[in-house]
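Read the single chain below, which is given as structure tokens and is the form predicted on its own.
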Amino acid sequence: MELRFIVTAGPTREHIDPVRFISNPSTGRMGFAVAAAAARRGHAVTLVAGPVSLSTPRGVRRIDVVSARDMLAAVEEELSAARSGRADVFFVSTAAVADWRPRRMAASKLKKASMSGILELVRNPDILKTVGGCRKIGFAAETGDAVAEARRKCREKGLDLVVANDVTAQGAGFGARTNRVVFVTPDGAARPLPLLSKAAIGARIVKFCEALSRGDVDSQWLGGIG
């Protein structure tokens, strides 16, 4: 059973001018791990990556982007092409997409003397909420009650799974090679996993997608993913 995966990874950069931007510390490791795991299972994988310094996993097609709007455009184009095929399409959104961008990007480097100290921002599109016509897997990287936020995202964005984690927990979060996550499904069920490598978590996400495609995800199946 071959599935079609479109995976986003890493941060976006929202430029103020050619040398300054708004971003975050995401390294892209989680998304690259999902893409690698899906490719190893024989699935067709496109990885839409923000600015990161990671090598493309074997068997994965990669598209590099910079901003949130670039990422949305790439995902929409890939989804449009993927829907014409017969395989189930899964959009796995691991990217840490900037919620806001400067209203205007200056064409040249801004000089301190000409800057007011006030930066006017506008909201970026919500990629997960915008796209449709596919199975959607999201992430909730939080500093508080990650499961509550995951349940909200699952409900409001029509997701099939949210992978929640507290980025302040030891061994988890941006830059770490491990993570401690909770799988949250649309019925509100929450299945915590132990501390695992991001590669191991990526493999479990892919197996969840495979089970969802077969129609056999239930509480018993979730109980065995740890």
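Quick caveat, the model's predicted, so the values are computed rather than measured. Position 1 is the first residue in the sequence shown; the rest follow in order.
Missing here is the form predicted in complex with a small molecule; even so, the following discussion is about that form.
The closest non-hydrogen atom of F90 lies beyond 4.5 Å of the small molecule in the predicted bound form. At least one heavy atom of K153 is located within 4.5 Å of the small molecule in the predicted bound form.
A residue is said to contact a partner when one of its heavy atoms sits within 4.5 Å of a partner heavy atom; D99 meets this definition for the small molecule in the predicted bound form. Taking the partner from the other structure, the small molecule in the predicted bound form has a heavy atom within 4.5 Å of a heavy atom of L128. When contacts are defined as a non-hydrogen atom within 4.5 Å, none of H15, G50 and S67 contacts the small molecule in the predicted bound form. Between the options R61, K157, R191, R40, the residue in contact with the small molecule in the predicted bound form by a heavy atom within 4.5 angstroms is K157.
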